[in-house]
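Take a look at this single chain in C-alpha cells; it is the form predicted on its own.
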Amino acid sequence: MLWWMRLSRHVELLIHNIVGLGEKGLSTEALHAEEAKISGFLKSFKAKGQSFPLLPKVKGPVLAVKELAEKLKGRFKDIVILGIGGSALGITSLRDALKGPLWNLDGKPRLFVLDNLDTVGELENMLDLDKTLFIVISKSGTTPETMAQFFYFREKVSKERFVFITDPKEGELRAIGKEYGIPMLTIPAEVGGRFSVLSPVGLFPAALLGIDIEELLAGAEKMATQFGETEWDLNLPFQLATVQYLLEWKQGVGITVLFPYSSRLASFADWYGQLLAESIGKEGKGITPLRGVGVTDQHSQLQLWTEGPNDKLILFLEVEKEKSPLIPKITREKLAYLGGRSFHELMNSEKKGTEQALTEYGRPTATIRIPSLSARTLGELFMFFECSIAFLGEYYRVNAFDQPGVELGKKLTKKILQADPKGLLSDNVA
C-alpha cells in the first residue's frame, strides 16, 4: 500500500497530489516529521474533557432513542426540527445523504429542518399540524431562534406533538419539559452542538426516518479508534489536519473547499463548513471553509480555483460506487463516448478530469474516498472530520470547542430586543 493512502474499512485519504506539487506542495519528510506531535495533541485534547469520540460506545442514549422512536413511528406525516447550527446541519446531512435530497417530495415521514426565521409561516401552510411532530433542540434552552419557534407552535398544537432534546440537567428547555411532561432526550454535557450529530440530536430524527443508527455508530467507532493511534499511517484525522495546517502555514493556503461529487453529500459539506469555521476561526487564526458540489461547480467555480489566487485546498469527496441509470447508445460521432456509461461513471470521470486539471495548474488537491454511501460510511465520515478538527485546534493553539464570537452576537441581540420591549422600532404591523 502506498504511504499516502491509508485505508480503513471504508475511508481512504489520498494526498499524493499535494506531495507531487513539489515546492508548491508538501514533502513526505515534512508530513512524517509531524508524527511526533500526535501523543501530545491527544493528551491535550483529553484534558479538555470533550467526549464526542466516545459517543459510539455509550449505549444508554441509543437505547432511549430507539425506545422513543419506536413509540412514535408511523404516528406523524411530518417531522419538523426546531433548531439551528449544530442542531440542524447534521440532521439535514443525515436525511440528504441516506434518504436523498428529494426525500420530502414523496418520503414518509417528511422531515423539515426549520433552521431560519423567515420561512415559519410558509412551512406552517404546508403542514397538517395534527399530524406533525416538532423536535425542539437546544442545549441551553435559550437559543432565541429555536425558542421563538417553539412558543409559536406551542400555541397551535398540543404538548403531545413535541419532543425536546436538551441538556441532561439544566436549562430552560428542560424546565419546560418537566413542567409540561414533554418527552426529553439528552445532549451529553461534554458534547458541543456542532459535534452532536452522533448523539440523540441526529440519532433520534434518523431513527424516525428508518435509518440504521447502529450502523452509523459502528462506522463512527471505527474512526474514533483511529483517532487514538499515535502513528502517522494509522491516524487518518491527524493526516488531514496536518495537511491543512502545513499548507496554510507554509504555502498560504487558507481556504478548504470540500467538494463532494454527490448531490447527497452537498449538505454534508455545509455541516463541515460550520464545524471548521466555528471551531478554528479564533484569535486571528483559522481556515475558511467553502462548499462545492460536483459536477455543478465545475461550471461555476472551477475557473477561479484553477486560475485565481492559489489559496485553496480542494478536498474532493468521492463515492466510488453508486446505483445509477445508463446513458443510451449515442450514434453522433462527437458524443458517442458518452453512450453506454452510467451517470455515476460520468460523474466520477469528471471528478478525475477536474482533479488532473487543478494539479496541472499547481493547485493542491486531496481526495477522501468511500466505496459507497451507507449509514456506516457516513458515520465514519462524521467522526473523521470531527477528530480532524480536534487536531487542528491543537495545531492552532485555540479552543476548538467554544464560540465566543457567536455568543457575543446572541447577547447583543437580546440587548436590542430588551431595549425595545413594545416593538416600537419594528416595521411589523401584524
Ligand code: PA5
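Being a predicted model, the structure only gives us computed values, none of them experimental. One-based numbering along the sequence shown.
Heads up, the form predicted in complex with the named molecule isn't pictured, but that's what we're talking about next.
Lys351, heavy atom within 4.5 angstroms of the named molecule in the predicted complex:
Result no; Lys351 lies far from the named molecule in the predicted complex.
Using a 4.5 angstroms cut-off on non-hydrogen atoms, would Ser262 count as touching the named molecule in the predicted complex?
Ser262: no contact with the named molecule in the predicted complex.
Partner proximity in the predicted complex: Glu278 to the named molecule, non-hydrogen atom cutoff 4.5 Å:
Glu278: contacts the named molecule in the predicted complex.
Just to confirm, Gln403 within 4.5 Å of the named molecule in the predicted complex by heavy atoms?
Yes, contact at 4.5 Å.
Just to confirm the contact call: exactly one of 294 to 302, 216 to 224, 80 to 88, 102 to 110 touches the named molecule in the predicted complex at a 4.5 Å heavy atom cutoff, so which is it?
Comparing against the named molecule in the predicted complex, the contact stretch is 80 to 88.
One residue of Ser138, Thr92, Gln239, Gln149 in contact with the named molecule, assessed in the predicted complex (non-hydrogen atom, 4.5 angstroms):
Spelling it out, the residue with a heavy atom inside the cut-off is Ser138.
Sort through Gln251, Gln274, Thr288, Thr306 and report the residue having a heavy atom within 4.5 Å of the named molecule in the predicted complex.
The option sitting close enough to the partner is Gln274.
Which residues, if any, of 157 to 194 lie within 4.5 Å of the named molecule in the predicted complex when only heavy atoms count?
If the 4.5 Å heavy-atom criterion is applied to the named molecule in the predicted complex, 157 to 194 yields Gly193, Arg194.
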